[in-house]
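In the block that follows, a single chain appears as structure tokens, in the form predicted on its own.
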Amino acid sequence: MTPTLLRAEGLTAGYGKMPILHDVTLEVRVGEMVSVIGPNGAGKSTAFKTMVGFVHATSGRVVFDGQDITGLRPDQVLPRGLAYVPQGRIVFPEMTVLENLEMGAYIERDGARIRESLERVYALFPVLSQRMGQKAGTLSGGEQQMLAIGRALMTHPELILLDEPSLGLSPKFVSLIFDTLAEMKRAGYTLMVVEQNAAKALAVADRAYVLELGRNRFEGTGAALLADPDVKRLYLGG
């Protein structure tokens, strides 16, 4: 069986005294693409923020690549090979595309490895290669999202957590982002994706979880959940 790369087990977490997650368990194995779907307020983004250390878990644990990383800060988690792309297409608008990508490699001291990372990013996102000297703030929304993902790839991550990669994008770029996720999986990346676009997220996922009100509601293969009548009725509008 493929080894587990990340397992978040029994996570309870929230903001201040307000719990958002209640005993949530999520897992991703090497080479998989796992989608996490559910309605607004289900705790999907909070789960990701807890796993990378932006939100403190009051109970449960997070094990990544065999190491317990529960309670570590983001700057301690990310160098271990766990990359996180938050929602909202966060780029440095006054910096060029190339400078943004180089910022992603801030923990890498080997110039050859940085050049190799750049080549891999440009192979995945040829438009970034064409725009490398352009200020990031002048890119379209979809191109900014590609840049945010590309920047996360600069550290040679073992696992990439993507929070709402298609949020607010035009239909053309939504399709492009999902094509890119499929291409990244084929290239050997392991991915875990929080996504509002539930039907598309399930269609590309090996496995998926449905969260509701901060709890695990359903889990299974992407195909099985896509065909499940309860999932269809409750989350897919059909």
Partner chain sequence: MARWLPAGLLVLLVLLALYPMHGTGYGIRTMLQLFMWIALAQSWNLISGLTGYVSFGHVAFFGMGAYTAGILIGTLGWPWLLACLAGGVMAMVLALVIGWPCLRLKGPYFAIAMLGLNEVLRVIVSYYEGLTGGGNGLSLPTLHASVPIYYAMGLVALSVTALTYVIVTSRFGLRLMTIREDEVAAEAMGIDTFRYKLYAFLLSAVGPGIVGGLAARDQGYIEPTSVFPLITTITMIVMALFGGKGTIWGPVLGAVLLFTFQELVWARFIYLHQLLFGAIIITVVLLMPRGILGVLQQKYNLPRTI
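Just so it is clear, the structure is predicted and the values come from calculations on it, not from any experiment. Residue numbers count along the first chain shown, from 1.
Another form exists, predicted together with its partner chain; not displayed. Remarks below refer to it.
- Contact with its partner chain, judged by heavy atoms within 4.5 Å in the predicted complex, is confined among 138-146, 117-125, 97-105, 163-171 to 97-105.
- Proximity of I90 to its partner chain in the predicted complex falls within the 4.5 Å heavy atom cutoff.
- Though the partner is left out of this view, G81 does not reach within 4.5 Å of its partner chain in the predicted complex, counting heavy atoms only.
- Taking its partner chain as it sits in the predicted complex, the stretch 69-90 comes within 4.5 angstroms of it through a non-hydrogen atom at R73, P74, D75, L78, Y84, P86, I90.
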